[in-house]
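Only one chain is included here, represented as structure tokens and corresponding to the form predicted alone.
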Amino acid sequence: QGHEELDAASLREHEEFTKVKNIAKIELGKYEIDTWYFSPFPPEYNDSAKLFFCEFCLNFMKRKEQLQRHMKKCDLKHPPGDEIYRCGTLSMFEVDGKKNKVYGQNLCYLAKLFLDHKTLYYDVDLFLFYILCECDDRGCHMVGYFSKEKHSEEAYNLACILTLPPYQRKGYGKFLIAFSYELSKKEGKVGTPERPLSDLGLLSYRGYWTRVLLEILKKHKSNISIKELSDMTAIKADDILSTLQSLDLIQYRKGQHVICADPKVLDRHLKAAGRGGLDVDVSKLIWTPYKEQG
């Protein structure tokens, strides 16, 4: 035993951290996907090397026959929430964890198979989930999601983010990050992703911040302040400062920050930051912030 001094939460975290990957594969829609990490599924699933997920309600089963039976009964063809964005074949759904508890928990179990986080939020009531889907005549198929606290003290506009492996490297992760900032702009707030960021997360955000900020600097030359950049982009001032510092584009002179915006240097950094993924067409976003939803 020897774990007396650990409280229940730390113990669970310790167990998750030290456990070996339990589920080796999942089937989701038309894909069979190899998993990456341990996920704390209920104990009765411990002996299953493969789980079968309903791609619409995210219920999971041990056997293909169970899934087939379930699919005959399940009448969902998209995530159980409001469609807040549609552009071409892409749709985004907002799912309230309190109204759709089982879906939220299923999503967390699924996501944890691909996220190297120490803990998983078991309390989905406090979160909104934004589910990105590719839609066709069979329904809306989840490609990835991000979650967001309903009421964040620290101005976090994103908690977890994941693009499912079959859909990675197609610009969806960048789209999800951009989408989280468009929501912040609509709320009239600055936002920042929850810390700590994974290495990969930081890399993605650095790329996003670099592209957005340098495009603005190219237009405005140097005569723009960090505060103005923050107001225009909803990016937190600290993130703007650290991004510009990492690119050597800011100097501290006479007690204030001065941005250096040589067009050649900006172009070089923009090129290095890579392409921006899919654009969010803000005219297609129809959304009311949570606190105004009554």
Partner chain sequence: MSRLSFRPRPLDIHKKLPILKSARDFEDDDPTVAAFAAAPIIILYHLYTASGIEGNSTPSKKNAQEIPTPQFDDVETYDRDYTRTFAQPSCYIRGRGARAEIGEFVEYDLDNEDEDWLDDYNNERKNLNPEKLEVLLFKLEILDHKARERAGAITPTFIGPVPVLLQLDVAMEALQYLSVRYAVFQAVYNYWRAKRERWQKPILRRLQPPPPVNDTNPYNVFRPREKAHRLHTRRMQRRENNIQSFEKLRLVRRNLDQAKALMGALIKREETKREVMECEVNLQRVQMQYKHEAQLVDDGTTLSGFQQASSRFGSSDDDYADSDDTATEEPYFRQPVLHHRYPDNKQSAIPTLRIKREPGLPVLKRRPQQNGWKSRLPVFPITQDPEEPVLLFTRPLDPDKLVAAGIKLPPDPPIEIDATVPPFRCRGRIGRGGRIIFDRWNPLLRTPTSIGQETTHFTPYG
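Numbering follows the first chain given and starts at 1. A quick note: this is a predicted structure, and the numbers were derived from the prediction, not measured.
Omitted from view is the form predicted together with the partner chain, to which the following refers.
Taking non-hydrogen atoms only, residue 165 approaches the partner chain to within 4.5 angstroms in the predicted bound form. Within this chain, residue 182 is remote from the site of the partner chain in the predicted bound form, having no heavy atom within 4.5 Å. The closest non-hydrogen atom of residue 139 lies within 4.5 Å of the partner chain in the predicted bound form. Remark: residue 49 does not count among the residues lining the partner chain in the predicted bound form, judged by a heavy atom distance of 4.5 Å or less. A heavy atom within 4.5 Å of the partner chain in the predicted bound form is found for one listed residue only; from 97, 191, 81, 144, this is 81. Of all the residues from 259 to 287, those having a non-hydrogen atom no more than 4.5 Å from the partner chain in the predicted bound form are 259, 260, 261, 262, 263, 284, 286.
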